[in-house]
Ligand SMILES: Cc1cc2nc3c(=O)[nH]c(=O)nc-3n(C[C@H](O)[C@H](O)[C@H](O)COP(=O)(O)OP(=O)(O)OC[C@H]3O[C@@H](n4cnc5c(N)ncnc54)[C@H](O)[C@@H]3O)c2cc1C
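Quick setup: one chain, the form predicted alone, written in structure tokens, and binding and motion questions come after.
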Amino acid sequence: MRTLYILSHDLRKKGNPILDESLDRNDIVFPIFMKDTKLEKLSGASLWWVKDSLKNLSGNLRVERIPIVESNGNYIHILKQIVNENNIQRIVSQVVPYANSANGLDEIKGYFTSKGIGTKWFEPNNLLSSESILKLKINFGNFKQFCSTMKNMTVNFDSENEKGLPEIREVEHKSENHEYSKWERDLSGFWNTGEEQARLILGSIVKDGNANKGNSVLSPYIRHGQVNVKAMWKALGEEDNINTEAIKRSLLWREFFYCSYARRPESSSISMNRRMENFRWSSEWSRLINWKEGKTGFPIIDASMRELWGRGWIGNQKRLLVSDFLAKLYSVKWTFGAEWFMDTLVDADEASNYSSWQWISGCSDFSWPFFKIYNPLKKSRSLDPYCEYVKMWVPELNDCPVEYILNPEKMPSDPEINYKKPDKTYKEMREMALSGYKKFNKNDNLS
């Protein structure tokens, strides 16, 4: 049977249930990747990752290329053309448990089933099934309860046995020819996007866990399905290694965020803690620009933001630090930071991104409280005590003494150091943030 395979969060050959089933069925498979904002937000760094990964995957699947088909809201019309041009008899895809994606797949299924074209949607790259993600009884204010519930859940592990390939063919359809920008070419210097690299990193994690307290940089491979999450969970569970517990916990947070976002897609723009929609955020847009460009005057913040732009990725602690800085010390609404992350992270994931931003800014119903504010000066000392990281990404501080990088508020004026000190001290910014929050609480209680 001639089968159209719409790739999504499953850019891998090994442990791919769609390819395995197609082999068993003797199907002829025509793979494409569909880009449509009505189905999923995909732009910037994460789109670059898809483009680069598809080059690797096409080689593994022994086809010249896997096209990215842009449908711009007309996915039914474009799919009709592809189905007719290639005499397709069946359409398969993996579920992505975002509301827009699920609705889009339902629409595709309804239309093509009525035309006599078979469809089958496979389970998402999650520990939970798509039904559980939508229906599992959860108290969103209690992550510990969710973890307890997950302990009693049965995870149906996919087979990771090496199988052959079904017959793969390139679709006959004119698609966009994506050229790499200079920014994307620069990203290429930091990453090997192939699934083989993902397996190497995963193997190291399973063996050593988080023993060095660093970041595994596995997140983009998980986001784009080059790591089978169920197989990863199984492998981590089989190792008697205390260092893997933190990694398993991060996977549970991912499931938790997916459960929240699948049921409440409006959380990409509306605070789940509805009262925070009335919070008076700052209208000083220069703050947002300085934050994006890494020019806040706090070296650890600036280095992190420049790494985000240059590499398309920063570690989890730095993500929390810069998010907290923007939403609280700068009092810029979390949505602006969340959209910047969606554009600049190679692992940008709607569910995790928007849920994390709501959590850190005190705007969700499972929040880190607004009044708990990270101190970037203390964090700088713990994350980068010798300022090696800062000097890597903020080269104008290469000749600056470490004591001033760790405490930029006391940095003397020096024409040879082209780095602007912060406009306000951390203490002043914290007091202003808490004062605004206190005033908001008072007015909210009176209304």
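Not measured: the values here are computed from a predicted model. Just count from 1 along the sequence shown to find any residue number.
Although not depicted, the form predicted together with this ligand is the subject of the following passage.
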Worksheet entry | Exercise: residue 319 in contact with this ligand in the predicted bound form, heavy atom 4.5 Å | yes
- Message: Please determine whether residue 347 contacts this ligand in the predicted bound form, using a 4.5 Å cut-off between heavy atoms.
- Response: yes
Worksheet item: Any chance residue 102 has a heavy atom within 4.5 Å of this ligand in the predicted bound form?
Response: no
Answer yes if any heavy atom of residue 279 is within 4.5 Å of a heavy atom of this ligand in the predicted bound form; otherwise answer no.
no
Checking 206, 147, 247, 117 against this ligand in the predicted bound form, the residue with a non-hydrogen atom inside 4.5 angstroms turns out to be 247
If we test each of 308, 92, 222, 128 for a heavy atom within 4.5 Å of this ligand in the predicted bound form, the one that passes is 222
With a 4.5 Å heavy atom cut-off to this ligand in the predicted bound form, the contacting stretch among 118-126, 149-157, 268-276, 351-359 is 351-359
Residues in 93-119 that come within 4.5 Å of this ligand in the predicted bound form by at least one heavy atom, in order, are none
